Ligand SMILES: Cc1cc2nc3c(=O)[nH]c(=O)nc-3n(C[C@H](O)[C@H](O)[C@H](O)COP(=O)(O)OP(=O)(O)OC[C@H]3O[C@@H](n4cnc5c(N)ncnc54)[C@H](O)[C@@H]3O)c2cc1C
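What follows is one chain in structure tokens, specifically the form predicted alone.
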Amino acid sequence: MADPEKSIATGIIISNREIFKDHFLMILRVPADFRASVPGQFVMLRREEGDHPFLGRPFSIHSLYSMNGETVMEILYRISGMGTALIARLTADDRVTILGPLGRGFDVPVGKKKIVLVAGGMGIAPLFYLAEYCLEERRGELGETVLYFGAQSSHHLFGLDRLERLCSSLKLSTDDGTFGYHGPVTDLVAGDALSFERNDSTLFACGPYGMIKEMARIAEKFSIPCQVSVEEKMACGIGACLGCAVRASGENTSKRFMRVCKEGPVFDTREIDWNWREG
């Protein structure tokens, strides 16, 4: 990775609106250098004014595009503590300091006919950018991008109108049964997995630990490659503090632990020991 000091930039907020309780969509202008980012990477963001909190907060890149000759980034987030609560108070024309793009993103294989995205709740944040990328990069190819999106309830299934334009089809679930399938989104994936061509399909997932652990099991059972974006608390975002380390699988003999911010946040499911939180 490049020297972190060279990755610090200023973003100018266009809007920062609450889309439903404690969930926000920030849209900001960023330097054109961010066009080199890839889906699955993240940024560390902090208020430009004030010294609290001192450390930035990690956010997945939700969307990235050009508008009126400028580069625009979207960040989808929820309030989870004091730092994000302060960020939620920012308004148009406020400035933020951004470190990034950081980490390892998704690796989209060439020539695969079926791209399967699996999002659990806020896991939709990086997968939206991946869906944008797939539509652009695979334009004109024979193939499809299918999104499985699960959330607590119907109002957590946000952005469906935009997702419908990006994906070939959407398969939705809610924990409370208020929309779509009543149950975990991984049930839907497991039920359809036999129809996926093993040599022509790739799975990409992001969501809570239990969900991506189940995706790892499904991928192994049906012998389908699967990449997951792992959600872990971060402090520095550049691999120095070791606070976001996860245990490597026994097959991954080159490392015992891997830093989510540096070696990830995207991993092949075979790289991780999925019992790291139990023991």
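Predicted model, so just to flag it, every value in this text is computed and none were measured. Start at 1 with the first residue shown and count on from there.
Here the subject shifts to the form predicted together with the named molecule, a form of this protein not shown in this document.
This chain appears without its partner; in the predicted complex, the one residue of Pro208, Pro184, Gly83, Gly159 with a heavy atom within 4.5 Å of the named molecule is Gly83. Just one of Ala125, Ala151, Leu147, Ile98 comes within 4.5 Å of the named molecule in the predicted complex, counting any heavy atom, and that one is Ala125. Val30 falls outside the set of residues with a heavy atom inside 4.5 Å of the named molecule in the predicted complex. Put simply, Glu232 is close to the named molecule in the predicted complex: some heavy atom of it is within 4.5 Å. Contact check for Pro58: a non-hydrogen atom falls within 4.5 Å of the named molecule in the predicted complex. Among residues of the shown chain, Leu76 is one whose heavy atoms approach the named molecule to within 4.5 Å in the predicted complex. Only one segment in the set 65-73, 31-39, 218-226, 232-240 has residues whose heavy atoms sit within 4.5 Å of the named molecule in the predicted complex; it is 232-240.
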